[in-house]
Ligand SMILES: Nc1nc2c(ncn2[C@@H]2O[C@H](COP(=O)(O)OP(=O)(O)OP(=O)(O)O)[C@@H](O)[C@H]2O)c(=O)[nH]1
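Given as structure tokens, the chain that follows is alone and in the form predicted on its own.
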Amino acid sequence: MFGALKKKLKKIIPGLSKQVEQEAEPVKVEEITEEIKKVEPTLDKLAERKKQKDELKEKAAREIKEVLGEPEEKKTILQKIKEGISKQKEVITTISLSEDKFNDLFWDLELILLENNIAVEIIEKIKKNLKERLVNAKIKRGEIEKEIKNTLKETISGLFSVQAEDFINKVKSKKPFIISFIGVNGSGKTTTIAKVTHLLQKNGLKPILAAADTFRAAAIDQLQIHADKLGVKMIRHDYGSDAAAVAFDAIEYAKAHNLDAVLIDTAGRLHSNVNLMDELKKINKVAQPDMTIFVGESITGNDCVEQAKEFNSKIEIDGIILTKADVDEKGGAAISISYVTGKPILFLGMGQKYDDLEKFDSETLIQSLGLD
């Protein structure tokens, strides 16, 4: 994940930093600085001559100290001038960037983020944070690239403020624990359900599957193949039957046989399909799931984010699983979807095997962007 985005960021950030240094104006200093530099040698000579007089006064000065105590050390004019020059040298190495120049320079970065499926809301947040750090601020030359990287890293880290509870412990908190899987056509729900089933089994839990996708041809048969391979019970009705009734029967079976979890496979649908969305609402009303998981394809980028956003507005979701994350070179969905929906990413689908379900870790994701 992030191969393409990481490569482009690695290329643009150093170049962007150089552009900022070139386009930004040095912080102005008093014109007297140059004049001070010119007279500095003369001042050194005067100081040497003064030293001779100071030696003659040294004895008297010691006697005064004994009587009056140690006076506060006073800085000579020369010391003050030299300190002023030193401070001004430090100031002149800093830059200040105007807002207009910032907008011009950061267009390329915005374009790269857009190309890699970063949601517009995220890009605006990144731009706002960078602007606060760079515009009309005093930044030392040579530290601009570090400032840009740190701002990107901090901004992206802040996108994952919603953290998921431990999934297995959550499932163990109630019996049977009911999970409804929703999403659009072809997002990989059925395979994901099989992976989650396998994960529960590895943790000593006994799940049952509900084939509530009675709409798509072969959907029930596909889930049955996984159920047989995993050795779990699956409740099924005929195609075209009431999906909510399938979910209800699976829950009742789980209660009667002391099973730990019910995993409901629903038909893929677009949020704009009113009839299928109403069916989904009916399933959730009957099943009363403890967790509703949106399953989306990571490689579809902003489409996946928008789908999750729309599903969440109509059927509130509790968590997200992104499939095909292993072949997603851009990674925009993983960066954007949690922030946009306000829901945590639970797992990433990283392949076709049952064990290819990886717990989502925002720190690992941020490290893979190469912003350190």
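For every residue, the number given is its place in the sequence shown, counted from 1. The structure displayed is predicted, hence computed values, not measured ones.
Not pictured, yet referred to below: the form predicted together with this ligand.
Under a 4.5 angstroms non-hydrogen atom cutoff, this ligand in the predicted complex has R216 among its neighbouring residues. This ligand is not shown here, and in the predicted complex it never comes within 4.5 Å of any heavy atom of S98. Contact check for P289: every heavy atom lies farther than 4.5 Å from this ligand in the predicted complex. Residue contact check for K343: none of its heavy atoms lie within 4.5 Å of this ligand in the predicted complex. Listed residues I283, V196, L259, V184 were compared with this ligand in the predicted complex; V184 is the one with a heavy atom within 4.5 Å. Look at 216 to 224, 161 to 169, 144 to 152, 107 to 115: in the predicted complex, residues with non-hydrogen atoms within 4.5 angstroms of this ligand sit in 216 to 224. Residues of 348 to 365 lying near this ligand in the predicted complex, listed in sequence order, are G349, M350, G351, Q352, the criterion being any heavy atom within 4.5 Å.
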